[in-house]
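The chain that follows stands alone, in the form predicted alone, written as structure tokens.
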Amino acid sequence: MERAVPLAVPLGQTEVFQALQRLHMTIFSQSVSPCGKFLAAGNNYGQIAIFSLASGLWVELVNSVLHFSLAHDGPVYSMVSTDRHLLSAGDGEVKAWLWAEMLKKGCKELWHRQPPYRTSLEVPEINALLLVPKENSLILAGGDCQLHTMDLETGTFTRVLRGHTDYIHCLALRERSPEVLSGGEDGAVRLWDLRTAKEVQTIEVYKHEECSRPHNGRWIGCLATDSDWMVCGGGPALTLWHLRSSTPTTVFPIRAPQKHVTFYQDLILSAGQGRCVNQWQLSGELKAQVPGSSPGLLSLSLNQQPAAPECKVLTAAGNSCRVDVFTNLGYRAFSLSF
């Protein structure tokens, strides 16, 4: 797959055009291959790049991109990987690619699907994808304020979950129970029971005084869950919640809105406005802030694939053309670049 260059750009200006593209690039999404040795990254131009983590780790090749393609007409907002496929989402549709073919030039999409929107003119962003392994399904959410479930075996959409009143930003799965959490612009985190397709719990985060930050808005931009615990943030402060009691237990002392959060061992990792990946103790103590190369971060990816323990890394990406690679949580080892 070759780099797409607009036909209208004269040959002598190609390098200038590409430099400007990189200057204004945003990387929205990442996903690690099933073998753990490759990383896919999607940007605001609709391109998906495939990086070799193994090559980068051994020789620190900052340009260890294998190739990239124009995969979507608009930004690639979200990606996830199954044991065989890379699934990517942009404006209004999700596409599937075979990982075995993605490692070759000339890869074509395997299929694409569009959720049943309310009107044929509606083309909302799909900002979040979530795999539900136990039922072999994919949940999509974004600009139409709904969660759509797709059966990955048949490609059919099986249910729609309605309750949000504004754009949905993020999804998380409670692995021990068939429940999904969603957060969005309406300021609510909603818990859905997949067995009944009903909303069973709502936490309006901005209404809690210790979390509220009216000057930043009420939007929920990131969330993660671990058993009975949830951490979420965005306009409101990054906060750890006990789900059963709907109680905020720890408010993390960071002013910048956070765009991605995840549990990792006994820590919480977060990133957002600013260059740093933040490492938090569950008590709220800031253990470390590790700077990266991007002025703002939108996604974190932990490669914990057992098939490639030598590639166990954290990658961070956002408002630049670079993906920072952390071989441990203490420092940035190198960066991969489009």
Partner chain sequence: MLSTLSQCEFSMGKTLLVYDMNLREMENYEKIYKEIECSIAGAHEKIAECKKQILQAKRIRKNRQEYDALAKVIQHHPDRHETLKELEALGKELEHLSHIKESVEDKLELRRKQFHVLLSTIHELQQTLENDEKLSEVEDAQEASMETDPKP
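Numbering follows the first chain given and starts at 1. All of these numbers come straight from a predicted model, not from anything done at the bench.
Just so you know, the form predicted in complex with its partner chain exists too; it's not on screen, but the next bit is about it.
S.K.: So in the model of the complex, is its partner chain close enough to Pro257 to count as touching (4.5 Å, heavy atoms)?
M.R.: Looking in the model of the complex, residue contacts with its partner chain do not include Pro257, since no heavy atom lies within 4.5 Å.
S.K.: Quick one: is Gln281 in contact with its partner chain in the model of the complex, heavy atoms, 4.5 Å cut-off?
M.R.: Gln281: yes, in contact with its partner chain in the model of the complex.
S.K.: Just checking whether Arg84 would be counted as a contact of its partner chain in the model of the complex - the rule being heavy atoms within 4.5 angstroms.
M.R.: No.
S.K.: Since only the chain is shown here, I'm wondering whether Thr158 would be in contact with its partner chain in the model of the complex (any heavy atom pair within 4.5 Å).
M.R.: Answer no; every heavy atom of Thr158 is more than 4.5 Å from its partner chain in the model of the complex.
S.K.: Heavy atoms within 4.5 Å of its partner chain in the model of the complex: which stretch among 39-47, 23-31, 282-290, 295-303?
M.R.: The contacting stretch here is 282-290.
S.K.: So its partner chain isn't shown here. In the model of the complex, which residue out of Gly235, Gly163, Pro248, Gly92 has a non-hydrogen atom within 4.5 Å of it?
M.R.: Here the answer is residue option Pro248.
S.K.: Heavy atom within 4.5 Å of its partner chain in the model of the complex: which of His112, His242, Lys104, Lys207 fits that? Just give me the one.
M.R.: Contact with its partner chain in the model of the complex is made by His242 alone.
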